[in-house]
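Form predicted alone, single chain, as structure tokens, below.
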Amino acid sequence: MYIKRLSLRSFRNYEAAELEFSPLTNVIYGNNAQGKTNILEAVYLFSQGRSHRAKSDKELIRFGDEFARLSLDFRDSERSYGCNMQIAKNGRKSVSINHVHIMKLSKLMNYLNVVMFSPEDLELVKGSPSARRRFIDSSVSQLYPAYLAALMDYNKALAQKNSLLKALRAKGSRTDIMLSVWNEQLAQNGSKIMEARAGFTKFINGAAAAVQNEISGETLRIGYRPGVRTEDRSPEAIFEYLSSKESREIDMAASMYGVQRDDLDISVNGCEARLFGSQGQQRTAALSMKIAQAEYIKSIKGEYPVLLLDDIMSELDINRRMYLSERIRDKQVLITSTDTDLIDKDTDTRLFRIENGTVIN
């Protein structure tokens, strides 16, 4: 899978830009705050349907303009795709692929697969459980539409249950038939989510452990810690478990149990990486997990995703930089950097210098 062309109009600080990419290494370089990351963000939009950093789509529109327009041409092993996107200030977003309108933005995940590397990846190890759940969900959702559907349905039912729990505590009531209705929906979708997350974690554990060992000789272990503590992941067992916690949740006026509480246990050399790992161990673990994420997508799709490296080379020491350069050598990668000397370049490398929202080839 590789991207051939990206076009931007009134996107972030770009009035207009056209980029023709190499199927291998592409280096987007320049001083800070010139718009390098905006290019990676645009590509990410076509994969996930949303920005990896903007809270609102309105932030993506160039100041003073009414619309942002983007187009992306890419191909996988079977065919070529032409994607167009328009983002309006009123929050409306329209997307088409090969001239067919896409009704649900989540459908974009079925076409373009990307893996983003950034300095913020350290949060995978030392951050909150929500960062690790996002890591799992963004990986699995790209490959399994049914997983994304289950996740969306779960979150809708969870919101309804939380509203009911608050109302019950406010009234001083200890029961409501709708609580069982929402728990049943959570159990049905939660079972699918748990199975997928457990399978993903098993793959990532093996792949990331191999990378960590190759880089540092250390032992990395990643385990799945479910928010429903039952060996049986069937909907019936999960429903029974949630039902047994109703009283506790009414007291707290919140859903305290379920896949929304899932987490990953990450250890290096037998010690919890979040609490006891050094900065170097945490950074290596995060890098290993992101490489494993790309391997996971490749294992399912049969081809590597596009790799987006946002100013990550400056964060790595020489050994980790050399290792990563070797792992990405035969894959398409878009790298942002302030210093091209940090990048291992060859004759297929394409350079794009960015100055204040202008691409200078």
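Heads up: residue numbers just count along the shown sequence, starting at 1. Since the model is a prediction, treat every value here as computed from it, not as a measurement.
Absent from the display: the form predicted together with ligand ATP. The rest refers to it.
A heavy atom within 4.5 Å of ligand ATP in the predicted complex is found for exactly one of I61, I297, L316, L307: I61.
Although the partner is absent from this view, Q48 stays clear of ligand ATP in the predicted complex, with no non-hydrogen atom inside 4.5 angstroms.
Of the heavy atoms in T349, none are within 4.5 Å of ligand ATP in the predicted complex. In the predicted complex, ligand ATP sits beyond 4.5 Å of every heavy atom of S56. Within 4.5 Å of some heavy atom of ligand ATP in the predicted complex lies at least one heavy atom of T37.
Partner contacts here mean any heavy atom within 4.5 Å of ligand ATP in the predicted complex, and among 27-35, 298-306, 66-74, 316-324 they occur only in 27-35. For the three marked residues, S138, D265 and Q293, no heavy atom of any sits within 4.5 Å of ligand ATP in the predicted complex. In the predicted complex, just one residue of 295-322 lies within 4.5 Å of ligand ATP by at least one heavy atom: D311.
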